[in-house]
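Here are two versions of the same chain, shown separately as structure tokens and labelled structure 1 and structure 2.
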Structure 1
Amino acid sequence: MKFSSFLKDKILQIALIIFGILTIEVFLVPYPYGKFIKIYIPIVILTLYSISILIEYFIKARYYSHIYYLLNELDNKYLITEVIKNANFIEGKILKDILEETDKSMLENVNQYKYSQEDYKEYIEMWIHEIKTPIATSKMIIENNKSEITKSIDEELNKIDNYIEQALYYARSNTVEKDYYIKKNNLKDIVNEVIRKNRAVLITEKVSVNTHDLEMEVNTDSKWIVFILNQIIQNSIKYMKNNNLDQINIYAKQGKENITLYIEDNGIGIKEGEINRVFEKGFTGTNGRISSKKSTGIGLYICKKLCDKLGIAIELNSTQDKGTQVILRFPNDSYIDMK
């Protein structure tokens, strides 16, 4: 708080004090008081008032400066009411009361919004589980009535199932800590499970998968990492060149601090200027706008979000018309800080 600003706020008081002193001097004129008295009175009044102004300024300046300091130190600014001390002047007490009431009102609104979001999330999860039943039933019917038509229907059902799975994991992505179990998992088993999930589409699209050096154990949640790898594999399949030479290579390398998993394809790749945006929510890029591809721009966004929650680093490198490489780095340390 600047002293000049403080004085501007006191301008009315100063004007009234000066007016009062002048009034006193005018009233003293008719009386036979000496010059000493007439000078002493205004000096005393001005001196005492100046001292009171300075004391008030230093008290308030120290209090408000401390509040600004605490505010800058806090990551969550709304917690300021928890750390500021009670003021020994009325304006500071009023300010603290106002902040506490505002904070209380904000928390009530946030909690109301949180409960609303929780209700909506629970409904989405319930709906997803319910919709999986008719999809599974439809697949059984297709299995018992195989034909070219039912084969096409089955492919579309697989796409629907993938979108539903995306919705489920997206709904849960903000509360991973409530639905995860970190333990050692065999990387080869995880990759093989993902390949089995995509076996039909891999055969249909004539995409070969080569795996090697996967006999390693990583600290992760198998359910979440299977979903992440599934999204990456499906992206690779979607953006292949369809020239009977399409392939995906999956392998791992052991490092001092982590195990690195590589998923490489020889698909159409990504434009150089778009690589840094592939993990953004809703970003589809040039490839995603191709009518035969039709990307939602949500798959890699969810992957990045889940990887951050699980402590897994995810990177993407790509060259247009040559292919794409996705890298997952699993920390050797089993400790994961879930935030």
Structure 2
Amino acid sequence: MKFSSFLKDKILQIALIIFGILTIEVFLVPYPYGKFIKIYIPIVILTLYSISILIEYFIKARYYSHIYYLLNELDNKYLITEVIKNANFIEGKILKDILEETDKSMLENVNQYKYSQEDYKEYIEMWIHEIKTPIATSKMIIENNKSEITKSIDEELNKIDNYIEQALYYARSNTVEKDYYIKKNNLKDIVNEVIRKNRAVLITEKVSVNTHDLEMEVNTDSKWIVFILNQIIQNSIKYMKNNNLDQINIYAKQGKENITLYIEDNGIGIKEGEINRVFEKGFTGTNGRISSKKSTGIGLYICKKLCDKLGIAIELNSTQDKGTQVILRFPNDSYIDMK
């Protein structure tokens, strides 16, 4: 609170006091009081008034500057009501009252959204669980009636299953509540599961897959990490050159603070200017606009969100026409920041 703006606020009071003093002086003119009185009265009035105004200024300035200080320090600024002290002047009390009221109403409002989002997520989860049975049934029917046609339907079913999976994890990545379970997992088991999942495409496309140095333990949720790796590998498959020399290499390195997992391909790569945008929601880039690729710009976005929740750092490097490398860094420590 600037002193000048405070004074500006008091301009009416000051004007009235000066006006009062002037009228007193004018009234006193005809009377034969000494010069002393005539000077003494305005000086006393002005001094006392100045003192009162200064005291008020200091009290208010201290109070408000403290609030600003707290506001600066707080990560969640809306918590300010909880930390400000009770004021001993009326405007301060009113301010706190108003803040408390608005806070309460805002909290109700936010909660309403939170609940409706939770509700929606629960519905999506339920829906996804429901739809898995008909998919499983369809796959069984295909298995019992093998032909070229059912094989082709099976491929489409796999796509449907992938999209459903994406929807599930998108819903999960958006909630505040923690619904993952961190435990020790063998990196090799996880990687193998993802490769097995994609083996039909990898074999028909003649992709050579090399894995090594994966005998390590990482602390993470196995389902979530399988989803993340699956998205990454599917990207590799999607953006291959299909020249019969396609390769995917997966390996890990044990560092001091983390275990680093590398997933590398020799696909078409990503334009230099687009690399730092790949984790943005809806970003498809030049590659995604190739008609056959049909990028949704959602996969890597969800990966990044899930990684953030699990405390895994995800990076992507790429050289156009040379290939792409995705790096996942798992914290070594058994303690993982639960956000």
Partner chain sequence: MQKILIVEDDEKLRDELEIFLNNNGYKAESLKKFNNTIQDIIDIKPDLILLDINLPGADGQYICKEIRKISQLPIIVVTSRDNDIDELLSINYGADHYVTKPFNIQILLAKISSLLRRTTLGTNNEKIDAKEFILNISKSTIERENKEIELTKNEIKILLHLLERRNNIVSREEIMDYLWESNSFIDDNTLTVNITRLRNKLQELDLKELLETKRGQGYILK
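Think of the rigid core as the biggest set of C-alphas that the two forms share within 1.5 Å after superposition. Everything numeric in this text was worked out from a predicted model, so none of it was measured. Residue 1 is the first residue of structure 1, and the numbers go on in sequence order from there.
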{"item": "Identity of the form predicted alone among structures 1 and 2", "value": "1"}
{"item": "Between the two structures, rigid part of residue 74 equal to that of residue 35", "value": "no"}
{"item": "Interdomain rotation angle between the two structures - two rigid parts, degrees", "value": "7"}
{"item": "Backbone CA shift between the two structures, residue 204, after core fitting (angstrom)", "value": "2.7"}
{"item": "Core-aligned CA shift between the two structures for residue 29 (Å)", "value": "4.9"}
